[in-house]
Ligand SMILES: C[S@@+](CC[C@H](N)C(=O)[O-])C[C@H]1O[C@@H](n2cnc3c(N)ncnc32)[C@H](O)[C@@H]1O
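In the block that follows, a single chain appears as structure tokens, in the form predicted on its own.
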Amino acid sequence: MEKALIALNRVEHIRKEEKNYHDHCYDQYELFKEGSWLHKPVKAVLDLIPFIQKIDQPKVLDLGSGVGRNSIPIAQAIKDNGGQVVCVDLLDSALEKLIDYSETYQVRDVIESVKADIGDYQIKPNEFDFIIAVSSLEHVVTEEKFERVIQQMAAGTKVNGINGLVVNSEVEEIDLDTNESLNALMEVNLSTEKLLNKLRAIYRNWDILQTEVKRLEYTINRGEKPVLLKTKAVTFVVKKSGRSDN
């Protein structure tokens, strides 16, 4: 019971800090403008847009969409062929900005916003042509739920559909004032090897289109404290084959 309470308090603390960080970022920086990670979509997502454009009335799911960094460019690309993008996020600040930006970029009728924890969002089987989760899956509450969400993503994808994941692994946080290592504020913080093994197991019968591990580091603020965040970001893009055991 005590361990469960400690774990719950840890998750609550992480989510409070992440909410503060993202609220500040969304308030200070404008989408697609220089100055933050919001200035452009993820390249792996952009590279897949031509695939989505070939589908009539494609349905896309963006888990942890934020303000639309990836979903708005997708919506623009599929607007003319009857596409829809379902955007799921837990933060009110993200969804409010998403709606504003979708109006600014004239895709409001393409985007459906859903307020939910991505760990609890239910994906219907064979519902989507394309599912993306960019720097969001590591924020579900447990490793078991992490696996469950990805399994739902796989089951919720139509044959020949694509899943595009970017997941942070081996995350470290360092106090830049003292050079002290801090507890990384990440609910699920797997080793890169373990993460890749899990992904390959879940998608074992899929066609792997891209696997990349990139070392990244950047400065963020935790309250008033400057913190260096170091991570090995794993990009994993797979296509669902027509084999019956997917």
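All values reported here derive from a predicted model rather than from experimental measurement. Don't overthink the numbering: it's just position in the shown sequence, from 1.
FYI, the form predicted together with the ligand isn't displayed, but the following is about it.
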Heavy atoms, 4.5 Å, the ligand in the model of the complex: which of 85-93, 172-180, 99-107, 152-160 makes the cut? Say which one.
-> 85-93
Any of the heavy atoms of Lys59 lying within 4.5 Å of the ligand in the model of the complex?
-> no
Is there a heavy atom of Tyr26 no more than 4.5 Å from a heavy atom of the ligand in the model of the complex?
-> yes
Hey, in the model of the complex, does Thr142 get a heavy atom within 4.5 angstroms of the ligand?
-> no
May I ask you to check whether Ser135 falls inside a 4.5 Å heavy atom distance of the ligand in the model of the complex?
-> yes
His22, Lys225, Lys230, Arg10: which sits within 4.5 Å of the ligand in the model of the complex by any heavy atom?
-> His22
In the model of the complex, the residue from Glu127, Asp117, Glu147, Glu112 with a non-hydrogen atom within 4.5 Å of the ligand is Asp117
Across 173-193, which residues bring a heavy atom to within 4.5 Å of the ligand in the model of the complex?
-> none
